[in-house]
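In structure tokens, the next block holds one chain alone, the form predicted on its own.
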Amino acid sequence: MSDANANDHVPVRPFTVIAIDGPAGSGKSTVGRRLAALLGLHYLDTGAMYRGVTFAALRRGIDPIDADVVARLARQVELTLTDGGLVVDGTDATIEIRGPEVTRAVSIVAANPEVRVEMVRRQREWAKTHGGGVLEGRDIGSVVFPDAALKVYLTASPEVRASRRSKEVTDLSYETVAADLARRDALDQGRDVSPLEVADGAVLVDTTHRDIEDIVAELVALVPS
């Protein structure tokens, strides 16, 4: 996996990992990007990696339920992270990985134990290469980097999360997005391997009625110097 990051010109701190976990629509990407910029760290959306594998599987006509085949694909697929985007095996999939087809299937792929092993390996490799970073996902503080300098779990009310997501996917109704989020929450929290949960020692932040800048300022103050 490779990437081209807009923060390349910013001096990077000594190896520091900030782990941000939480369900879809909780504000992970917005908070993560701003926090990374303020701290001079690189940023990684690990969810995009699972979406990239899902996109690659669907593009090849592979059923996401076919665990062995999807696992082999995860070990072979080339995921190139760009500033705000993702290239999968040479194809810009930035828009497609956020579409309804990938969104419906990604939880199945993310529940595949072998896929998770491979993605965790790549995520740790990415952090090592970049001297740390702000990583956001669903198991960063609990599995990928349990010893992160700061572990954060973002949450928000289901209604607010659905509202945020429905604004991002204008081709789907609020009701459809809300139902999909509920389904994904159940799958992510109920999977046997690396379920979505609040990591030990994580700071719990409810973003429902809070300003993003206020949240980021709070988290910056919590990062060990």
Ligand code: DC
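A quick note: this is a predicted structure, and the numbers were derived from the prediction, not measured. We number the residues from 1 along the sequence you see.
Below, we turn to the form predicted in complex with 2'-deoxycytidine-5'-monophosphate (DC), even though it does not appear here.
Visitor: Contact with 2'-deoxycytidine-5'-monophosphate (DC) in the predicted complex for Arg34, defined as at least one heavy atom pair within 4.5 Å: yes or no?
Guide: Answer no; every heavy atom of Arg34 is more than 4.5 Å from 2'-deoxycytidine-5'-monophosphate (DC) in the predicted complex.
Visitor: Contact between Asp188 and 2'-deoxycytidine-5'-monophosphate (DC) in the predicted complex at 4.5 Å, heavy atoms?
Guide: Heavy-atom contact with 2'-deoxycytidine-5'-monophosphate (DC) at 4.5 Å: present for Asp188.
Visitor: Should Arg98 be counted as a contact of 2'-deoxycytidine-5'-monophosphate (DC) in the predicted complex, where contact means heavy atoms within 4.5 Å?
Guide: Arg98: contacts 2'-deoxycytidine-5'-monophosphate (DC) in the predicted complex.
Visitor: Hey, in the predicted complex, is His42 touching 2'-deoxycytidine-5'-monophosphate (DC), heavy atoms inside 4.5 Å?
Guide: No, His42 sits far enough from 2'-deoxycytidine-5'-monophosphate (DC) in the predicted complex that none of its heavy atoms falls within 4.5 Å.
Visitor: Any chance all of Thr46, Gly137 and Arg184 sit within 4.5 Å of 2'-deoxycytidine-5'-monophosphate (DC) in the predicted complex, going by non-hydrogen atoms?
Guide: Yes, each of Thr46, Gly137 and Arg184 comes within 4.5 Å of 2'-deoxycytidine-5'-monophosphate (DC) in the predicted complex.
Visitor: Quick one: which of 124 to 132, 83 to 91, 69 to 77, 98 to 106 gets within 4.5 Å of 2'-deoxycytidine-5'-monophosphate (DC) in the predicted complex, going by heavy atoms?
Guide: Single hit among the candidates: 98 to 106.
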